[in-house]
Structures are given as structure tokens and as C-alpha cells.
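This document starts with one chain, in the form predicted alone, laid out as C-alpha cells.
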């Protein structure tokens, strides 16, 4: 949960209606959120991680106002051209390449609102931006900044500026070593050959993304009315969504938004913020099926309006839903179904007994897998359970195999995890490697799922159950593993076909392609170079196939 710290008067102001504490608590509970116990007018609202647009008082109030019919339907946000430009240096493109920026004018800041904005910045940075690893952003008083602005990578020792809350100039390296914020986030950029800066046309440093703003230009106070807002990061979608959440918050606080042109080194110019809405068509029948209701299209239109969606073309069977620019959580039709159910009210759903009683039990496939495990145990093999998350080094490079299509995990906390496995054999090899100190022979197997990309599926991937078996000892050979495979197939009444085939991970002439009940697989003696890659001395022989 993410906690929104605010107070009752602030929420009343942005909702546009008087609600006492009990009423606010009841409404939030119906929406799926909770208020923690805090004395007086202060409140702490627990926001679910998917609704980061509600992490500010303005965003939370916007959702509540729709839910209670104070202000329903799509809230649109517009911007006008500022004439400002940000020129992106080509040397930033292999580090922190994407930029979004805007100007917001006619804001009224007091001490409470300044704290509020700092708090929202920190919460978005810690949650949606994954402790700044997926993005960073800053807000600056506009006064004193002279466009155009350069987003530029320079030498660690060349550029100096006074970081926020300090009174002396420091280089980038000094900030990472001596400034508390620099030390906290140093791991993000310390391996870069050059740090990145926002520098205006007068060569004044605004900040060193994603670490810290300058004391001169990054300090908003009660005299500030116009601000420059920027977001940067390695992923364009994350950067633009962070920007939209910040800009809509400031717009709801009374600000007027102006756009900025971002000029990239490839000649492309992107105007930000991108406050465009998105459209999605939903089937009335699909929503009713998910919710177990019989709502009409007009019923759904009313409920969608309360959840602050816009509505396009409507028929009895289909609704064109307009998704606000600040909603980062709507990925699938089921997300819209979830919002409709919240507006309808979970307490209004009437429980019903299933029309066809059923008895729980394992799937047929699960029984088959259990029988296969029992058979392999009887043949002297020990079952193991390896992790689904792995890395390309183990799955492909160490096995001397070409890289196959797989689910890439992108930026992860643990460098040794960057994909979801597509094969069990490399993980059994790693199991042998990590048990080299134990006596041989070692005979292990695993029957478990791998994950392969599949564009035909909603989640763009599907699970595939595979069986893999491996034996390692001084006399391990192809014949041994073939006899195990034949015994398994005979016991399970599976049809087995074997045909000659060569694979880079196996010794030449000591491998084959197998088909078990129509499913493809492989069998063979592991190549000596693969054994060396895994630090193994004894031969290894394996088979693997789809169950």
C-alpha cells in the first residue's frame, strides 16, 4: 500500500463538497481504499499500488468527486505552446535517454502545498519509478531559467553546481560521495562514463538527473507561481506517465499548463506533456460475464462516468471507453470491469450458489505429471525444483545455444535475473554445478513449467509444461539416458519416436531428436565445453521434452 497524507479540509476543497471524516471513510471503503486512524483533521489514506494517480490529494479527490456524482465523466486536460525547447545530447542516449517537460503557471504555493508536492514526488519516485531506477523528475521555479535548455552529458569533473540544501559547488562525483541524496541513489549512475545535466542557455545548471536539483533553481518557495517540470528515464512510457500524473495534479491545483518541445539527436521532436486520452472498446456481454450481472449498456455508461471515464460511441453490445491520460493501470478490459464493479458497489452483488455443483480435484495433466514423477523416482532419480526466473547467460550462452524468443524482464534489482526460463536443462546443469562438492553419481529430474512468448494470448505469453532428466557420473552416456526415457514412456504408455539430430550443446553423434506423444524434445551427452562452462568434471547426459 501507498499512504496519502492529507487532511479533511484539503479533501473537501478539491472534492467540492463537505464530507465529514465518517462519510469520507465510508466512500473510500466502498471504492476499495481505507483511512488509517489519525487524530484531528489529519488523515492517512491507503492507496493500492495500481492507482498511483490517486497518490496526491488532487488525484484522490478527483476520483471521489466522480464516485459520489459531484463531478462525473472524463476530466480533460489541455496545454498551450510555451515556445520552449529542450535539446537532447546524443551522449545521453545510451544512459538515460528520454525526457518529458512542461511549464505550469499561476500556481499558489504555501508551506503545506510545497510539502505536499515534495511528498508526491518522493512517493512516485519510490513506487512507480522503482526508487528512481525507472525515472526521476524535478520541479523548479521558472524565474531565472533561460531557454533553450540542454539535456547534456559532460565529464564528471567539468561541471559544478550547488546541490539542493548545500551551500558550496560540487562536481558530480563529489555529490555521489558527500551529499546524502547522492549517496542514496549513487548506484543508478555511478558506472556512467559521463553524468547528465539540465543546463539552460546561460550555462546555469538546473539539476543532475535523476539524483538532485540545484539549490539555485530547484528550490520552490511561497513566492513561486510559475514552475518548470521535467521527468527523465530509461523508459519512454514510464517517463510520460510520471509527467502526466504530476501535471494533472498541478493543473487540478489551479495551474495553467504549457508544453515544451523535446528535440532528440535523431531529428525527432516530441511535444510534452502528452495529455491525450486513449480509447478502448468493451463488450457488454464480456463485462457482465466477469461480474455475474445483467447490466445494460446505458447502466455501464453511468457507472463508467462515476469512475471518470469518457464515453464515445455506444451500442447495445459495445461501448467505446475513453481512458484519462493519468490512468496508468488500465491494461485490459478486465481493468475496466473492475472499475464498473466498484461503481456498482460490491455490497450490491448478490451471492449465488453455482448452478452446476462441482467437486474440486487436480487436472488430468496434474495426475499425469505426478505419475511421471513417481516413475522417475522409482528409476533412481531425485526430483528438484528450480526457479522460473533465470538469465540469458545460463539459458543460452553457457549451453552454446542460440538465443530463443523469451520473456525479457528488463531492468531488475538482481543482475543475475533478466528473463523467464524457456528450458529446464540449463537449470539442471546449474543444479549440478552448485552441488559439485556432493558425491556422484547424481541423478535428478524436474517436471515443471517454462514460459514462452505467444502474441495470441492476452498476456503475450503462455506456460508450457516440460520434463527434463539428467545424470552425471564418470560413466554417464547416451545409452543410459535412452533406457531411462524408454522405461518412462513404457510405464506412462507414451509413444516414443527417435530421429538423428545434432545440437551445439551435445557431443557430435551422441544426440537425437525425440517425439513423446507427439511433443518434441531432445536427448544427448552434454558437450565438453558446456561442462567447462558450468565447472563440471563428470560427463552429463540429459533428455527434455514437452509433456
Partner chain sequence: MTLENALEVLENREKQILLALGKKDGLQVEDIAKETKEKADSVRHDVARLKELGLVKIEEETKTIYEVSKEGEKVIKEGMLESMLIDKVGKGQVKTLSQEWNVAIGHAKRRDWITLDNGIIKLTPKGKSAIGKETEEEKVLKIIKAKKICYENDLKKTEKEIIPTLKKRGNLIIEKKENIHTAYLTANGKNAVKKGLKTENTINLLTPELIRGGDWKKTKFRSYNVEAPVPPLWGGRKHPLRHIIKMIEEVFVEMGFSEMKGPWVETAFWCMDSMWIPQDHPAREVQDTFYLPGKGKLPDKKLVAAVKEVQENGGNTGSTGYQTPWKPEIAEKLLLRTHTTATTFRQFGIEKIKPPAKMFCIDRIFRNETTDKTHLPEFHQVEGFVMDDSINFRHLLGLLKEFYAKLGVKRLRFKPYYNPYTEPSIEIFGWSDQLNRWIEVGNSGQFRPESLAPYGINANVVAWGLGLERIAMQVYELTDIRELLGHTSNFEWLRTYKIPRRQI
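We call the rigid core whatever largest set of C-alpha positions still superposes within 1.5 Å between the two forms. Residue numbers count along the first chain shown, from 1. Keep in mind the model is a prediction, meaning the values are calculated, not measured.
Unshown form predicted together with the partner chain; subsequent notes refer to it.
Note on the partner interface in the model of the complex: the residue among 322, 334, 404, 114 having a heavy atom within 4.5 angstroms of the partner chain is 334. A single residue from the set 349, 314, 186, 295 has any heavy atom within 4.5 angstroms of the partner chain in the model of the complex; that residue is 349. Every residue in the set 134, 291 and 341 has a non-hydrogen atom no more than 4.5 Å from the partner chain in the model of the complex.
Using a 4.5 Å cutoff between non-hydrogen atoms, residue 409 counts as a contact of the partner chain in the model of the complex.
Using a 4.5 angstroms threshold between heavy atoms, residue 381 counts as touching the partner chain in the model of the complex. None of the heavy atoms of residue 308 is located within 4.5 Å of the partner chain in the model of the complex. Contact annotation for residue 147: none of its heavy atoms lies within 4.5 Å of the partner chain in the model of the complex. Stretch-level contact analysis of 242-250, 297-305, 314-322, 459-467 against the partner chain in the model of the complex, using heavy atoms and a 4.5 Å limit, identifies 459-467. Contacts of stretch 425-439 with the partner chain in the model of the complex, defined by any heavy atom lying within 4.5 Å, are made by 427, 430, 431, 432, 434, 435, 437, 438, 439, listed in sequence order. In the core-superposed comparison between the shown form and the other one, residue 110 has its Cα shifted by less than 2 Å. Relative to the superposed core, residue 357 undergoes a C-alpha shift of no less than 2 Å between the shown form and the other one.
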